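The chain below stands alone and is given in structure tokens; this is the form predicted alone.
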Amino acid sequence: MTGLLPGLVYIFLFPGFVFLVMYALFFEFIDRKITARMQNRVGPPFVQPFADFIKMLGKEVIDVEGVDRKVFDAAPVVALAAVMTAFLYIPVFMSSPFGFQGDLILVLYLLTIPTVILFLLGWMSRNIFSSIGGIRVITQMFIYEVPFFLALLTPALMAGTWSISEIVQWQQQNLWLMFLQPIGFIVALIGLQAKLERPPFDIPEAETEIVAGPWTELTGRRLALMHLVKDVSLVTGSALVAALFLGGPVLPWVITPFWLGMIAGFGLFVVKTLAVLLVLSSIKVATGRIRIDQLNTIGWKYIASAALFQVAIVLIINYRWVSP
């Protein structure tokens, strides 16, 4: 019972689901505030994301004729559960208590589920704009997913482990992988921006072309939960990049007492995830939406090539280190 209670607190309260939802809404506020200030606007008040979420939860849910209501109700919940589960394997203090050898692969798989669900929602909506948006979602996923996965797997190759917590510990004893793998770090940021469908990769929901794409027929709590999925994915993706390339929440030295080290680690987690958000927000403001054919060219010709080049460099470095 002693071991069960801390685990439940970690999952449901802190740094689990309750903290993650609050931090995701805070992330949305910071993102909107950064965007506004870069465009010389004031931006929303602090409580705006929370107020928007509550307001959408109270709105009427409009069912599309001929669509299975239970599937539409369950899909956002499954997407939210997947991305929240992925967050549990990312170190917030020093290491995740749920981590295991190979959890990096599981996290990458879980982060793909919301994208697939968004495609299914768009395809099942029986709306031309939703269907086109859904096709764009899955097409875009096939373009960015390969270089994004390659970029996030190169830290595992360098550290010799598939555990996110162990990759973080390796960086504590050596050097941040952002400096050892700068190409992979850049590709990871671009891939994360595309996965979150943020400008210039907001092709599936291009409002000037297809209304809101796969979001068009989402209303009420379904829309609220899918927006929350997007915010939580932003936090989880930023935390994953920070863990794999920026050393995560650990310091180069051990701090005593233990509780002080945990507070310092959590502070580092917040600072580094906000730093990743600042980069993503800057890309969002500085770029305009590209076409799907342009993304196809850029993704396969340049981004994927850069990711493969980074993998080759890591393999050469590892060969040189292990060779007599």
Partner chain sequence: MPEVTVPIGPHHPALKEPVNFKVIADGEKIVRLELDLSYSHRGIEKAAEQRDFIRVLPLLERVCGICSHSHSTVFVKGIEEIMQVEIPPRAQYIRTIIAELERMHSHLLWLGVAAHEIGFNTLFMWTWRDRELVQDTLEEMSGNRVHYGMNEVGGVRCDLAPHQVSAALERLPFLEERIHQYTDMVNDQQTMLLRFKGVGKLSREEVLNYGAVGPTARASGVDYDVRRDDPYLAYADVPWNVVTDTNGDVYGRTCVRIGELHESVNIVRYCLENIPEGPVRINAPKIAPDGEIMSRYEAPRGELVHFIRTNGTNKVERIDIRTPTLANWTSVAMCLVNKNLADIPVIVAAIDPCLSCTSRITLINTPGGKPGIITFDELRKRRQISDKGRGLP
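The model shown is predicted, which means the values in this text are computed figures rather than measured ones. Positions refer to the first chain, counted from 1.
A second form of this protein, the form predicted together with its partner chain, is not displayed here; the remarks below concern that form.
Not displayed here, its partner chain is approached by R136 to within 4.5 Å at the level of heavy atoms in the model of the complex.
Interface membership of K272, defined by any non-hydrogen atom within 4.5 Å of its partner chain in the model of the complex, is ruled out.
Mapping the unseen interface onto this chain, R32 falls outside it, with no heavy atom inside 4.5 Å of its partner chain in the model of the complex. Contact between M262 and its partner chain in the model of the complex is not found at the 4.5 Å heavy atom cutoff. Proximity to its partner chain in the model of the complex, defined as a heavy atom within 4.5 Å, holds among V211, M178, L153, L120 only for V211. Just one of L268, V64, M56, I292 comes within 4.5 Å of its partner chain in the model of the complex, counting any heavy atom, and that one is I292. Checking 125-133, 140-148, 99-107, 189-197 against its partner chain in the model of the complex, the stretch whose residues place heavy atoms within 4.5 Å of it is 125-133. Residues of 33-49 that come within 4.5 Å of its partner chain in the model of the complex, judged by any heavy atom, are M38, Q39, N40, R41 in sequence order.
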